[in-house]
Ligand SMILES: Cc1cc2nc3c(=O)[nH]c(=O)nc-3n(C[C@H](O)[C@H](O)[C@H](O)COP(=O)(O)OP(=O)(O)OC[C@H]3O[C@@H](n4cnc5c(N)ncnc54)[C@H](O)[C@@H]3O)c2cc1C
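Read the single chain below, which is given as structure tokens and is the form predicted on its own.
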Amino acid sequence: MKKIAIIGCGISGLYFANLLKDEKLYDYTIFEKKSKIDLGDGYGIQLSVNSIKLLNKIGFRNIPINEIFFPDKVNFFDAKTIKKICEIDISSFNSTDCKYTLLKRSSLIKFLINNIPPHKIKNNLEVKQIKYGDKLRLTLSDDSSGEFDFLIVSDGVFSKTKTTILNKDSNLKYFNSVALRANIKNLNNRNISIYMGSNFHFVIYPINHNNEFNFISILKRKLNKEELSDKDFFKNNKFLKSLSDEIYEKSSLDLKGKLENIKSFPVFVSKSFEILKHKNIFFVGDALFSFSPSFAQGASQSIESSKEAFDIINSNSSSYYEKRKKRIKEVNFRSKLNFFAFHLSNPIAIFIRNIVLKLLVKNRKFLENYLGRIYKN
């Protein structure tokens, strides 16, 4: 029996563990640095049909319907005037069993963890040292050790395990942007709404059938090293107020006093794609590559990468990183292009963008290439 170590209890790590639950050839252990998994996170995520197809393989179609939401459209607005620019029929990429899905991140985590025996998860542990070979000997933060045939690194954007393996500083850069997340209740909004403004944008969408909505805004913001390294800086009420006030001032949408559970964090993205020489180590999810948050593919790509790693292990192949690199290049290009288009500040550039958007959303060939190529893979 092959032994697999999974580092991190995020979406990618838990999905990989779910793929193993009925496999007799593998035994796995999940190592999580936190003392417990936070299931109180009410913020939303978007899952396009490419990831729903993979989630259905582990029973996602049985998730309670009141915990998810199927949008029909993505609506684009001018943040300042609240004038609608155009819309995309996102449901056109759906199939009978695979639909573009909105939900709380915590709802997905609960679903993923439900089928994992508690003894499979070891909390308060990180990888301290790795000895390489046909088998990998891991030394953990409590000085215990064990041998594994495969290592799945899924401990997020700031993966310490990845840094240990590569033996160099994190391959990340600050994207000169800050994200502001919040919850809203009781809106008359049945779809995904993107509001584009000068050097910022925000998105609002329902996350279930209980009149709960997710709010996420990305604002361009240059910060110094001290600010970026100070974890309390992003929790500071003065800083949170400066971000929310900027949104209120730049948008005519009545949001003041309606945002709840406001949090902020700096946006970091991967500088480059790292190809690992070790054939028994797989970076997945954000530990593999972190995108700018403008194409809503973070969770979907986490699921995709874990499924590909699982398939590669099963087939005894070595093409994981080459295959992932091509896919990531496509998603990363779209993420950066969306970010650029959503944040235009020059009035002439905005005027041209809006005309182009109105034309492109009616062009089925373009939509199939730009969205369908990712969603239907």
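Note that the coordinates shown come from a computational prediction; the quantities given were computed from them, not determined experimentally. Numbers for residues come from their place in the sequence shown, where the first is 1.
If you look for the form predicted in complex with the named molecule, you will not find it shown, but the lines that follow are about it.
Contact annotation: E32 falls within 4.5 Å of the named molecule in the predicted bound form, judged by heavy atom distances. When the named molecule is considered in the predicted bound form, F265 lines it closely, a heavy atom lying within 4.5 Å. Interface residue remark: D286 is counted as part of the site for the named molecule in the predicted bound form, having a heavy atom within 4.5 Å. Of the heavy atoms in C9, some are within 4.5 Å of the named molecule in the predicted bound form. Exactly one listed residue, out of K80, K160, K307, K220, brings a non-hydrogen atom to within 4.5 Å of the named molecule in the predicted bound form: K160. When the named molecule is considered in the predicted bound form, only one residue from I45, I68, I52, I313 comes within 4.5 Å through any heavy atom, namely I45.
The partner is not drawn, yet in the predicted bound form one stretch among 72-80, 246-254, 296-304, 167-175 has residues with heavy atoms inside 4.5 Å of the named molecule: 296-304. Residues L125, E126 are the members of 117-133 with a non-hydrogen atom no more than 4.5 angstroms from the named molecule in the predicted bound form.
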